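Below, in structure tokens: the form predicted alone, a single chain.
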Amino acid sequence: MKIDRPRRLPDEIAKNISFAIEAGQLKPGDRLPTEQALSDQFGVARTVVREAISLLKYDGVIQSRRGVGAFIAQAGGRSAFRISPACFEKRKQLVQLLQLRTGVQTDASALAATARNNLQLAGIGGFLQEMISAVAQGGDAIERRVDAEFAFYRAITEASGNDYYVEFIGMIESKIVENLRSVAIKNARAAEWGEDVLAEHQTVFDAISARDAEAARIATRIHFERAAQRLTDRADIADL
């Protein structure tokens, strides 16, 4: 099951440059084209290119040399775990959004347990299976795993039958996708990946399947509170 999702332009450009490196079109030591050249190549503003380059710098893919330009780093010197200063603030924003979402999502899950129909339950279950499949596939499926979780709780919210819940949860999701997606993906890889977290989602689904509103409420609250705590506790993005 493929889930379409919007991607930020800087992420797309950074990904394209990374592909060019992997394909050998750009080699370690090569100078990166200028911002203007990349802007013309991708048809975007220079500010978008600048942000993409910043992402690659923080991942250790590109190194800057003052007065000379940006160059492709040696593979051995790259790190997928370098954290930009902005990421600390974004981490806080993501925690706050998880906390904000918790109360509404728990109520939506409780309503969905009694209001859902069998077709809606099948859809919710399908997104849970998508999460399980992505985890089984491994780290390369991290975006698929993240998007399946979004879809899982979105489907639960829609099954509640409350349009205001749907609108509210949609607003939070849009905030994450538009501004915090890269942080959410990195966090999912570090803290939301594995059987224990899948078991939390499974418990939510089982309660909704059993039409147990209170169990659905509790299971959803446990997951989102734990998710916020896991993000807060991550040593690699602890406060400076």
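Each form is matched to the other, and the largest set of C-alpha atoms that superpose within 1.5 Å is called the rigid core. The first residue of the shown sequence is 1; numbering continues from there. If you're wondering where the values come from, they're calculated on a predicted model, not measured in any experiment.
Same protein, other form: the form predicted together with the DNA, not shown, and the subject of what follows.
Of the candidate stretches 167-175, 202-210, 66-74, 22-30, only 66-74 contains residues with a heavy atom within 4.5 Å of the DNA in the predicted bound form. Although the partner is absent here, residue 43 lies within 4.5 Å of the DNA in the predicted bound form, judged by heavy atoms. Not displayed here, the DNA is approached by residue 35 to within 4.5 Å at the level of heavy atoms in the predicted bound form.
When the DNA is considered in the predicted bound form, residue 48 lines it closely, a heavy atom lying within 4.5 Å. Although the partner is absent here, residue 9 is a contact residue: one of its heavy atoms lies within 4.5 angstroms of the DNA in the predicted bound form. Core-superposed comparison between the shown form and the other one: the C-alpha position of residue 52 differs by no less than 2 Å.
The Cα shift for residue 34 between the shown form and the other one, taken after rigid core superposition, is 2 angstroms or larger. Once the cores line up, the CA of residue 64 ends up 2 angstroms or more apart between the shown form and the other one.
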